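Alright, here's a single protein chain in two forms, structure 1 and structure 2, each given by itself as structure tokens.
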Structure 1
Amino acid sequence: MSRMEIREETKRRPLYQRTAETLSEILESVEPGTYLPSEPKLARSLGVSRATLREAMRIFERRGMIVRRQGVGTYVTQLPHVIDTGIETLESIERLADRIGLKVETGDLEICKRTATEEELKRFRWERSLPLVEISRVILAEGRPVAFLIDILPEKYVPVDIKAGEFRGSVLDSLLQQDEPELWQCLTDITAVSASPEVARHLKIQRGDALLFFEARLYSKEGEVIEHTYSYFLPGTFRFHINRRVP
């Protein structure tokens, strides 16, 4: 077969995206404030064309990780790492805990089937007959409850490993691991609430204590709501930060 060639599995995604990943590693490894090699040199050293390199760089420029100045060069900004550890990137609590070296486990796991409420039908455009699964659980860090999470998603989207009873602690991670459905973005509302009696009971705190509250909707590329999550966080354990751009 003349057309069959060796093709790495990474070949699937566009080159500029893989280049962006390589660039990301480079940016993390160099001291903030240092200048990158010129575009022609860097492109040659990465084995891509200058156009492709520029497409990859544009991403980091917009994120504020690099500054490009015509006639001068491109240098790495201060604090580039926070962008990849910030809230801008969708991440499960378990992975976040992992990253900061925190051991967590799951408690009070409850999984139940139900149908959508009127409000859910209207807000998420789910079918009336669509069977839903609601998964609630408590996150424990060093034995203490630090978060209470409620995931709601159509039964057809429930990852196979969770269906099989092998719940490993994160609905999101299971969803990300499989190919179907393809996740695209997650819209999250942020606010603070006083703990309700039920949430207080799960978190073993006083009713009325202040909690950080996320309400998130996970979308597919087609704009369909795949999952809906309520998250209650006890202040102090997790630090959520975000990099806001100036307009």
Structure 2
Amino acid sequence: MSRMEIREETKRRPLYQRTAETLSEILESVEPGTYLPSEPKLARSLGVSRATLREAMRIFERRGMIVRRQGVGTYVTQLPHVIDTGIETLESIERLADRIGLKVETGDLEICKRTATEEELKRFRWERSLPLVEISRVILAEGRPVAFLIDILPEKYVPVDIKAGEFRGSVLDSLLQQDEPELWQCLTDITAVSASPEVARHLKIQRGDALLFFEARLYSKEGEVIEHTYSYFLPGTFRFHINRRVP
């Protein structure tokens, strides 16, 4: 994408989202406990209306990054833990969080059985009669929603603990603990998306807010798609990077 295309894409985003990006830089530059300028003064400095500023501030208020008190003002809280990791190795959020001492738990959880859609039949070559299990869940960190995950896999590969109603929060970790099938590779597409109404509801954000999105296909050594995953991550909690070789 050219610089001109990037600028045009930026202009098309809602004003409150662009304001939130600027506000994020301000929050990162001040110490916890610092009070922000009054809303009228801050709105003027950002060149937006107070209504737009409030809409942008709600994003950080829901993430626990600022606290607004009537008649007192808005102050910056301690920044939440950041899961900073490379993506060369496939690991669950639970394992990544445990590495930095961050407590995560499962929030909203839904497990349902269904058959493959036409798109899934084409992409993954699953049989039309193959029963699937879809597991959707919210990941909470320090009590706040930080990710929404959807795992879809053939029922025959659903880990025993999940079948027994003892879901522990990580489909991937449960799959890795099984002897069969033998897992081989995970192909992942990474992009930025706007939150749909459903995803926004689960993450307690506004529809259209920017999210980091992973779509992954986990393969067995026989080349079969064992799991198809949609992962939506809140910016500010996750920072992914990759070490690339110079040819």
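Note that the rigid core is defined as the largest set of C-alphas that superpose within 1.5 Å between two forms. Numbers follow structure 1, counted from its first residue as 1. Small disclaimer: the values here were computed from a predicted structure and weren't measured.
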| request: Compare the two displayed forms of this chain and pick out the form predicted on its own. | output: 2
| request: Return yes or no for Arg63: a CA shift of at least 2 Å between structure 1 and structure 2, with the rigid core superposed? | output: yes
| said: For Gly208, does the CA position differ by 2 Å or more between structure 1 and structure 2 when the superposition is done on the rigid core? | reply: no
| request: Look at Glu21 and decide if its Cα position differs by 2 Å or more between structure 1 and structure 2 after superposing on the rigid core. | output: yes
